[in-house]
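As structure tokens, one chain now follows by itself in the form predicted on its own.
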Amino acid sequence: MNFASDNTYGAHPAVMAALADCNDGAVMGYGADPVTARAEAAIRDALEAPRAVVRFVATGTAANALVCGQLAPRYGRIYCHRDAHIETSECGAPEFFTGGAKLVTLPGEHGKLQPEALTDAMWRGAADGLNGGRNGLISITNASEWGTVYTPDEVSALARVAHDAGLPLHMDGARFANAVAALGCSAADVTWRAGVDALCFGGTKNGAMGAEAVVFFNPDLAEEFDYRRKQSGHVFSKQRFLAAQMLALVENGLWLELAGHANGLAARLAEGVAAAGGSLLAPVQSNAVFATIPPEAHARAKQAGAIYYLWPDKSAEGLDPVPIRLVTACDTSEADVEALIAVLAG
């Protein structure tokens, strides 16, 4: 019963098969191979964005940091939620790859930025002039770090704030598949049609071994990005093995099928947590459940071998009630979900 994260499970069999399939023979390296070309085209098709520039990297941190470096000046201000992954969990990589840009973190209910707060913060930042640096980039996360999902209208509202100020909008989509599956809209509706300029399209948390796609919807924004990616060590000589993973997920819609499975199990977990006397801390809209549970239920779960994080403080043992985070994955089993629900209920 492992609910620690969606990166604790293995790669999906279709991904492993794709890796094996592309392992025969010799092809050109550094992305000049047919698998990479097919994977880039498949992502453009999934996003309904025929002009988009698509590039592959191995980690979500690299994807986010490289986009920040591409779009924000080194003296810029990058606005994000205070719980955004680029703020809490990337070891200063965005600041490093920008050469000194400043992350400006903002509050927002359940992990989401609000246009009014963003507008106010940007005005204050610009008013500081040379002292504060220049407003440079807006970054949002969909699905958010609290498992909530921005709708197309919510993304559009933030994009208007960004574009009115002459700034690009970046979407950290480590769990982009979960967001699209939850919304039931097209991937285009919640990205470029809503005003997103750059997307980090996650694969690792949705069945890949380790692969992410960086997408620039306006090719002009990708100028010289290949040099930046090369300098960071993310132009793989055997690029086909990154591309094959994303191709297996995206080409036939597997990415949404797997995300829908994880989302459905999270919804079932939420029901079970509530029935066991727990309380939800945020709406369950994707594949994560944030809740508090009675200490006795927590003790039973740990005794039974359940693995999950306390949240937001991972050392918060002894609190009453106990705050937890449960994350389901593309290959989490219904049996594990029902077993945990039974343990929590006692």
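Residue numbers here begin at 1 and follow the sequence given. No experiment lies behind these values; they were computed from the predicted model shown.
Omitted from view is the form predicted together with a further copy of the same chain, to which the following refers.
Student: Would you classify L106 as touching a further copy of the same chain in the predicted complex, given a 4.5 Å non-hydrogen atom cut-off?
Tutor: No, L106 stays farther than 4.5 Å from a further copy of the same chain in the predicted complex.
Student: Considering only heavy atoms, tell me if A208 and a further copy of the same chain come within 4.5 Å of each other in the predicted complex.
Tutor: Output for A208 is yes: heavy atoms within 4.5 Å of a further copy of the same chain.
Student: D220 near a further copy of the same chain in the predicted complex, any heavy atom under 4.5 Å?
Tutor: Although a further copy of the same chain is absent here, D220 would stay clear of it in the predicted complex, with no heavy atoms inside 4.5 Å.
Student: Evaluate N252 for contact with a further copy of the same chain in the predicted complex, applying a 4.5 angstroms cut-off between non-hydrogen atoms, and reply yes or no.
Tutor: Judged by the heavy-atom cut-off of 4.5 Å, N252 is well away from a further copy of the same chain in the predicted complex.
Student: Please pick, from V273, V214, I86, A262, the one residue with any non-hydrogen atom lying within 4.5 angstroms of a further copy of the same chain in the predicted complex.
Tutor: It is I86.
Student: So a further copy of the same chain isn't shown here. In the predicted complex, which residue out of R268, K102, R193, H110 has a non-hydrogen atom within 4.5 Å of it?
Tutor: Of the candidates R268, K102, R193, H110, K102 is the one lying within 4.5 Å of a further copy of the same chain in the predicted complex.
Student: Looking in the predicted complex, is a further copy of the same chain within 4.5 angstroms of a heavy atom from every one of M16, S232 and F241?
Tutor: Affirmative, all three are within 4.5 Å.
Student: Only one of 177-185, 89-97, 194-202, 142-150 has heavy atoms within 4.5 Å of a further copy of the same chain in the predicted complex; I'd like to know which.
Tutor: It is the stretch 89-97.
Student: Using a 4.5 Å cut-off on any heavy atom, which residues of 45-60 would contact a further copy of the same chain in the predicted complex?
Tutor: If the 4.5 Å heavy-atom criterion is applied to a further copy of the same chain in the predicted complex, 45-60 yields A58, T59.
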